[in-house]
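One chain comes next, on its own, written as structure tokens: the form predicted on its own.
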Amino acid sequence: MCRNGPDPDCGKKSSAPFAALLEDSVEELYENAPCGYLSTLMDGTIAKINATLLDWIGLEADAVVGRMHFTDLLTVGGKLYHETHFAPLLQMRGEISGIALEIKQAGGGRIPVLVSSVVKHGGNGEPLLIRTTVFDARDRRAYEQELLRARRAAEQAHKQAEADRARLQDALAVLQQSLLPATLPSVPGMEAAAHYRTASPDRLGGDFYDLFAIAGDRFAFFLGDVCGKGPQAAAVTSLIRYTLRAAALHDPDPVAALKTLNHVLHERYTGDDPRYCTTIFGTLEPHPTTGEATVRIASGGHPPALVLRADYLPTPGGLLVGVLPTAPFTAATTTLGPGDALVLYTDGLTEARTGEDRTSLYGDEALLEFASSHAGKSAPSVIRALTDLLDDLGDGLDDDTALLALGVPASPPPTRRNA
């Protein structure tokens, strides 16, 4: 732009570079264009080709013009595609654009290209020749191949991650099973059933339960919940299980067993990483003559056990096990008669989220109401009912849940005698 007053030569000076550019002849623009140009007769014979395309294929014009067809420049696959798709579509539409092909080089190499063609017609509408533009697609092909390699690498990484996850889940399942009894022992005159539900297959649960013989016809049982998840919680669970089993063999009193466990946990997990649990420990002594069973239990901060008969009876709680060096625990005693069942559970059940918005907790009252409706049923039936309840809660279960039911079978109906 001229800024210093009128200057008759200003316009000429500013347009000089553009004039120099326009001095390029049409022929030069054709020959040295950044893409390949060629014109062929309707049978494909090459009538004209620019220097750019000749340089790509490595041939002289005399060897190509009038001597080769367009398809002679293509690879075998390109020829097949030209005959089956390219040529028929061009004849039908009169033009075709952006077709990916490969052209051969004199030295044996290949160049990926994008080809566009249009049919030129004469004044009477008769097709005269085909004008074709060829764009070098080597950079594009390299980019596409890089994307393809990246995609394959991502797919392989995803498959590897899935395989690793499957192996991890298998390992966690085996480890989880090692922390629970494989089967429950047979208790004379009684029925026992249990269920364990993990909130996530990708992590170890912290809930636990067990039932085992201690002396004579007496049995011990426990159920609880460790603070935390994962391998650390699994280590605590293993310690709890073997501590309570050893304590029961030494002194089966429930309060003594919990005190022993409290001492072990507090001594083992002191410092910056305290570990504790809630648990119920009890002993079970069936009476072979009366059909009843005496139960003595003590709770360490755990939700109360339920005794299902005509009504239900919560058991006293206590302090979390492992929090303090010494902790008070209280024992309770009850007798299970025919048709009665003792049910132990972890708070994964009562703290399950319910409602459409999943903001309400299932709660103790709902569990008591549900349990009371199954009073008089066998222990396996109660566990099946609670398992169905867990299924109904679905994704509202955020925590693992352990269930253990011990029941005395209902007395069989009296046998009728024929008069």
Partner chain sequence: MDIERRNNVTVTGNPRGRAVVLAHGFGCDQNMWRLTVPALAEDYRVVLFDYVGAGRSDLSAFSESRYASLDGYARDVVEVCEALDLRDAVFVGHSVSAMIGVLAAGTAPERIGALVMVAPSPRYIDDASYRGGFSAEDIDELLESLESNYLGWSAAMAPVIMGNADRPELGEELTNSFCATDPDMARVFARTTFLSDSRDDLKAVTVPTLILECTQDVIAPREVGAFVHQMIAGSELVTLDATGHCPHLSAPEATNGAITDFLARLR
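Here, rigid core means the biggest group of C-alpha atoms that superpose within 1.5 Å across both forms. Please read these numbers as outputs of a predicted model, since none were measured by experiment. Positions refer to the first chain, counted from 1.
If you look for the form predicted together with the partner chain, you will not find it shown, but the lines that follow are about it.
Visitor: Should Asp392 be counted as a contact of the partner chain in the predicted complex, where contact means heavy atoms within 4.5 Å?
Guide: Close contact is absent here: in the predicted complex, Asp392 is far from the partner chain, nothing within 4.5 Å, heavy atoms only.
Visitor: Since only the chain is shown here, I'm wondering whether Gly122 would be in contact with the partner chain in the predicted complex (any heavy atom pair within 4.5 Å).
Guide: No, Gly122 is distant from the partner.
Visitor: Could you confirm whether Glu28 comes within 4.5 Å of the partner chain in the predicted complex, counting heavy atoms only?
Guide: Glu28 lies outside the contact set for the partner chain.
Visitor: Going by a heavy atom distance of 4.5 Å, is Gly348 a contact of the partner chain in the predicted complex?
Guide: The answer is no: Gly348 has no heavy atom within 4.5 Å of the partner chain.
Visitor: Answer with one of His158, His85, Arg268, Arg138: the residue that has a non-hydrogen atom within 4.5 Å of the partner chain in the predicted complex.
Guide: Contact residue from the list: His85.
Visitor: Would you kindly say which of Val264, Met190, Leu184, Ile99 lies with a heavy atom within 4.5 Å of the partner chain in the predicted complex?
Guide: Filtering the options by heavy-atom distance leaves Ile99.
Visitor: Hey, of 282 to 290, 140 to 148, 169 to 177, 230 to 238, which bit sits against the partner chain in the predicted complex at 4.5 Å between non-hydrogen atoms?
Guide: Residues of 140 to 148 come within 4.5 Å of the partner.
Visitor: Since the partner isn't included here, can you check whether the partner chain sits close to all of Gly77, Gln91 and Arg110 in the predicted complex (heavy atom within 4.5 Å for each)?
Guide: Spot residues vs the partner chain: full contact, yes.
Visitor: Considering only 357 to 383, what residues come within 4.5 Å of the partner chain in the predicted complex, judged by heavy atoms?
Guide: Counting only heavy atoms within 4.5 Å of the partner chain in the predicted complex, no residue of 357 to 383 makes contact.
Visitor: Spell out whether the Cα of Tyr242 moves at least 2 Å between this form and the one not shown when the two forms are superposed on their rigid core.
Guide: Comparing the forms between this form and the one not shown, which are aligned on their rigid core, Tyr242 does not shift its C-alpha by 2 Å or more.
Visitor: Gly78: with the rigid core matched between this form and the one not shown, does its Cα shift 2 Å or more?
Guide: Moves: yes, 2 Å or greater.
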